[in-house]
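Shown below, as structure tokens, is a lone chain in the form predicted on its own; questions about how it binds or moves come after it.
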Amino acid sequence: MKTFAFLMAGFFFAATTLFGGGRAETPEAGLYSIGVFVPGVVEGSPTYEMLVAGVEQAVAESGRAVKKVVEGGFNQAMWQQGLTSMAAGGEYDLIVTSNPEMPDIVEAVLESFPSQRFLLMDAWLPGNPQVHTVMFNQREQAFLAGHFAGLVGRSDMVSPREVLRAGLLAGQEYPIMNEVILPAYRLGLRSVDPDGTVDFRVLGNWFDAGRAAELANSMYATGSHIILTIAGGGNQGVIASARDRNGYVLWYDSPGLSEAPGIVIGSTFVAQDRSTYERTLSAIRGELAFGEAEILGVADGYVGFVEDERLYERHVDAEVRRAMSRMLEQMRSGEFYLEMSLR
């Protein structure tokens, strides 16, 4: 689930052919066929927009590949059926998808279709000879968000407060959220103030902006000066609440300062598009090592915090920016490292 920005409720299963084209009924000999399975929808979901963009770039550069995008909808119970349908057709040399829940689903699909190959982004599955996975170090990512929240909370950007309190609104609870993102966000906050606390709330879906606004109103009212929102379409409700309550918002996974200038003041990011492009192109060339699982972080250049943007300079105090730059430099150099522990 993660990140996972969704704009509406319900579910559907629809195939959409984009850019490089879908595999034709009788494809030209020698073309490498790629199926992209999106566990949700593409439009309005930055993580999945980056996934598709990365595949598109690899297809265009290779000149000898085609792709089809299949949107699996929001009902997770339907994802295995969708992937099974794609594998059953035998038309894809590679299926690319992204979600921490995918390893279990893919292993179930492989029981029936053992020759299918998969590239899983934002997922972890070592040792399966048909699968290559890439996991972003979300412990580092969430720590950066918490560290920034702490710096802002102890700066002149907010009124003085005895207790440092920051919010985290999640669309749903899932292992990475509970075991990695939440504790790392708290750790980042406490790297500034050891007594800092996190107000953690769960929306229960990825689309209800009205309910998200209600939760955010309560979080601001009880002392949170900033909220990290990972709630899909619910993110817009947090922005609306912050605008009414003079609060701040933190964005996750993709650059988001332009979502609401002066309200969204900080943004972490993962280079999903670049990492997908590189590994898809490697697969097309026959060079991708299946069976391997990678973890990419700040030092690798695939996880970071948006600094080089005019809106960041305009709306964030210089001392806060300098302190964030110092932390990022320590992480880039390897002087400060948070291991992403996965079972």
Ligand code: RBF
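Position 1 is the first residue in the sequence shown; the rest follow in order. These figures come from a predicted structure and were not determined experimentally.
One more form of this protein exists, namely the form predicted in complex with riboflavin; it is left out here, but the text below deals with it.
Partner contact region in the predicted complex: 92 to 100, out of 239 to 247, 108 to 116, 92 to 100, 192 to 200, criterion any non-hydrogen atom within 4.5 Å of riboflavin.
Put simply, of 138, 267, 133, 224 only one has a heavy atom within 4.5 Å of riboflavin in the predicted complex, and it is 138. Using a 4.5 Å cutoff between non-hydrogen atoms, residue 304 does not count as a contact of riboflavin in the predicted complex. Within 4.5 Å of any heavy atom of riboflavin in the predicted complex lies no heavy atom of residue 217. At a distance threshold of 4.5 angstroms between non-hydrogen atoms, residue 181 is in contact with riboflavin in the predicted complex. In the predicted complex, none of the heavy atoms of residue 124 sits within 4.5 Å of a heavy atom of riboflavin.
The partner is not shown here, but in the predicted complex the stretch 49 to 83 reaches within 4.5 angstroms of riboflavin through a heavy atom at 74, 76, 79.
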